[in-house]
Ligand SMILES: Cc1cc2nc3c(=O)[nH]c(=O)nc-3n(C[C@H](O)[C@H](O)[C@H](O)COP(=O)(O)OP(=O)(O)OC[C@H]3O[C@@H](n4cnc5c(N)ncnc54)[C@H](O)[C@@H]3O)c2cc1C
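A single chain comes next, written as structure tokens; it is the form predicted on its own.
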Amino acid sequence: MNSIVIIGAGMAGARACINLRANGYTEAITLLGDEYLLPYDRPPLSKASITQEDEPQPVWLMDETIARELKVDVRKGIAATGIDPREKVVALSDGSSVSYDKLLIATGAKPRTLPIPGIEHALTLRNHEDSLALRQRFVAGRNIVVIGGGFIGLELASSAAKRGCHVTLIEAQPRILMRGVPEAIAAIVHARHEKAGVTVLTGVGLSHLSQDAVHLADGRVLPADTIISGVGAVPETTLAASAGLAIDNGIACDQHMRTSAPDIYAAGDCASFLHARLANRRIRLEAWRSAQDQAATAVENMLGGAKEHITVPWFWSDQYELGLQIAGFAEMGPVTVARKPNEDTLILFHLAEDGTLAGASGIGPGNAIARDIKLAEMMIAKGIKPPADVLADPGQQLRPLIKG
């Protein structure tokens, strides 16, 4: 009997199960998750799970009813401990093993660890249990120090501020959101955090951490009831590496999300892949929708297809009442065109040297920029060269630019 095993019960793993059945696969599916929970959504962990009034419950991607209807053998609290690509067997933490015909590795990422003395005093956020622990510590009047000015650090700083904490955020780089976010948009986010009472320190190094303080390289000492390290994530590749799979900024996949081993695929934060839209440049994406899209590509190819993963990346983050969205590859567009629909909203279009739209970044209240970013995403997918004057004029609609 044919069987598919999926290691990792996050977004990519859950979507793979759903897509397998939607594509007509009727044989056995085994989903392995090291948490004692069914697959749940992770973006709320840094936001709603901390700030909502009621005791938070996971937002399920697959509940018991769905798992039963899909006929997925979900093994909760059971981790994969080894993969034998030759025998096509996965060893499990309970001492058993499971065989596969096709295997999908969706192990995600783990928090990056800072190489400084006392780092053990800092908490990190990866799962629902971590979120509950932070929620208990975010008490009005407490001193919270967040290390890292990326999205996770900023979202946690926002959540702590909403709960009435005194928050200081430390970023070693010259500004927050250095990776993938234009300076003009980062400046808006910075200002909004300061308006909420967050002290944002940039270009600041760390000396060490103690149980109740963060010691900066310049000698300053910041008292802290809770210290959080939010300095990014690294792909979880331990299992794949021990099985002899190629590793290159994640589990190295080709443009079909196929690894270096026969019949083994990878998807989500743990995987890097060759992107056909970027002349087969290898990239790795840490985003909710990217995990979904990569799982869809992997599933189609596990079932005999030859689909290339060419989906345009899209990412969002909520910062207080502001919604931030990014589509495409901003770093591939050296020419920037600004569109300002109103005083509170900014959209930046990033054009390649030949005029092709490579990326778009936007920020504004609620979903103010969602429509234009979606249209930009469609233009990027079609390789359109939009007129710069139209992009810059909020009085002109973008939809007519999308040609067949």
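All figures in this text were calculated on a predicted structure; none of them were measured in a lab. Residue indices: 1-based, along the sequence shown.
There is also a form predicted in complex with this ligand; it is not shown, and the following applies to it.
A residue is said to contact a partner when one of its heavy atoms sits within 4.5 Å of a partner heavy atom; I147 fails this definition for this ligand in the predicted complex, lying far away.
This ligand is not shown here, and in the predicted complex it never comes within 4.5 Å of any heavy atom of I363. Proximity of I4 to this ligand in the predicted complex falls outside the 4.5 Å heavy atom cutoff. In the predicted complex, P43 approaches this ligand with a heavy atom inside 4.5 Å. For the marked spot (I152, W288 and S317), a heavy atom within 4.5 Å of this ligand in the predicted complex is present in each of the three residues. Screening V198, I78, L322, A296 for any heavy atom within 4.5 Å of this ligand in the predicted complex leaves a single hit, I78. Taking a 4.5 Å heavy atom cutoff to this ligand in the predicted complex, the contact residue among G333, G230, G328, G108 is G108. Heavy atoms within 4.5 Å of this ligand in the predicted complex map, among the stretches 231-239, 252-260, 173-181, 115-123, onto 231-239 alone. Contact residues in stretch 23-37 (any heavy atom within 4.5 Å of this ligand, taken in the predicted complex) are L32, G33, D34, E35.
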